[in-house]
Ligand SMILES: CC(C)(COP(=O)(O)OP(=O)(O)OC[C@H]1O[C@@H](n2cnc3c(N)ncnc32)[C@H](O)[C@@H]1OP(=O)(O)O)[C@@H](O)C(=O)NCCC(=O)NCCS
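Single chain ahead, written as structure tokens, the form predicted alone.
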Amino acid sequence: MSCLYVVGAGGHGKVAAEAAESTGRWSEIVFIDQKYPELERCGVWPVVGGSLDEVAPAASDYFIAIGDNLTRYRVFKAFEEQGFNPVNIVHSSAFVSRHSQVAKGSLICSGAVLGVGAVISECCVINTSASVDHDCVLGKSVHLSPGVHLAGAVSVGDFSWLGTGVSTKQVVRIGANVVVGVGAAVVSDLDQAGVYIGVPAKPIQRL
């Protein structure tokens, strides 16, 4: 019997578990969360322990369902280094071009689209109905929120987070550790780490 261990029993975890369930790849899906044993369930799925290394057999499949990009990546790498097997989860309703690349530990949610030549680095989240057009490149642990639309050949740097409904023009560069606020339009490069909002997107905070 194949089991998937989802680390992080919150709303994002439920989305990941439902996507995993849609694939039919695993016969069992369970959660790991530090709130165990007080927290016993996440939606319809059981929470079985507080730490993956305490309950999961060696080389078990796992997925990190933590929203914060830096924390998600840190936990992802820690369990990979212990010999567990990080997996991708691709919802059955998503379209992923066979000419795209998706690295381990990434989540492609329902209704998402990955175009030809897109490259998704490890531990990314392509959330509900987001689209990544041809030849886009996402760095590690990037999160595209629901309804984000990247035009062709856009690059997004490590640990950046684009809020719900963000859209971009083609061939723009978004740097590492950039946060783009809900509904913003990115029409020029955002090279410096910080927070950007508006139409067009302008900085409100530099990091």
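Counting begins at 1, following the sequence as shown. In this text, all values refer to a predicted model and were calculated from it rather than measured experimentally.
Here the subject shifts to the form predicted in complex with the ligand, a form of this protein not shown in this document.
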Interface segment, criterion being heavy atoms within 4.5 Å of the ligand in the model of the complex, picked from 169-177, 26-34, 51-59, 141-149: 141-149
4.5 Å heavy atom contact, Val195 to the ligand in the model of the complex: yes
Distance check, Asn127 to the ligand in the model of the complex, heavy atom within 4.5 Å: yes
Contact label in the model of the complex: Phe159 to the ligand, heavy atom within 4.5 Å: no
Contact test in the model of the complex: Gly181 vs the ligand, heavy atoms, 4.5 Å: yes
Stretch 162-179 - residues with a heavy atom within 4.5 Å of the ligand in the model of the complex: Gly163, Thr164, Val179
